[in-house]
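This document starts with one chain, in the form predicted alone, laid out as structure tokens.
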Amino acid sequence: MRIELAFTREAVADIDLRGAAVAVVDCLRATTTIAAALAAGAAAVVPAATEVEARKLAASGGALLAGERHCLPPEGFDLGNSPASFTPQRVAGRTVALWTTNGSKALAAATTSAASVVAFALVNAAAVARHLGRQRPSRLVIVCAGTEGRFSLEDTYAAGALIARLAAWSPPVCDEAASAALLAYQAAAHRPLELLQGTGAAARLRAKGLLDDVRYAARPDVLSSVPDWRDGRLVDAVTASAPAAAAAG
């Protein structure tokens, strides 16, 4: 498997995604929240490129409206972007329309031409690595959402965590950016909370009283959900494949 990495969603414009598998990460907090929502039983998460689009999705289809502007939920939203708030009581069986400052836009950019797209974070890195290991794509492009066009350490660290877990399936061939992400992860593999708390994104969340979101996101491999792009929405590949497997058995 050849692994390439884009440090920001804007950098995706310079990468040909045709035929590639793509994995998108916005560790603080969008892809952590997506993994949490699907783990709690949400039917699907639909990432929106704009707030207007998210509101239209919710208004037309009855989806829950979730997301953030400057870390906090905009007026009229059902939920923010705090992963722990996506409980079974709130989201089980529901579709969630999600708009965020960086993560949902990165997903929207990645889904235009890629062969497949998954979303991941530290919380589900092992599950996504297992999924990709079984799929065995010849080329994987990891897209870090970044922060408004700038590099973000937490996304790069999470990308390195995914690469480290993929290595257990087969030794990957990494470009320089992917190699740098792996080195960043290896340097602090056993100190995820310390690393995340030292980032600019964590500082902004701390200022809004949302440090618990950082603590939630810093727990590697606690969720088994695999957000997989299918028919314009993210669904859990694990639960989506379970009925077929049961039928085959």
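These numbers were taken from a predicted model, which means no experiment stands behind them. Residue positions are given as counts along the sequence shown, with the first one as 1.
Note that the form predicted in complex with a small molecule isn't included here; everything after this is about it.
- This chain is drawn without the small molecule; in the model of the complex, the residue among L57, A39, L195, L205 with a heavy atom within 4.5 Å of it is L205.
- The single contact residue among Q135, T95, T101, S179, judged by any heavy atom lying within 4.5 Å of the small molecule in the model of the complex, is T101.
- The chain is drawn here without the small molecule; in the model of the complex, the stretch among 180-188, 24-32, 218-226, 49-57 whose residues come within 4.5 Å of it by any heavy atom is 24-32.
- Using a 4.5 angstroms threshold between heavy atoms, N81 counts as touching the small molecule in the model of the complex.
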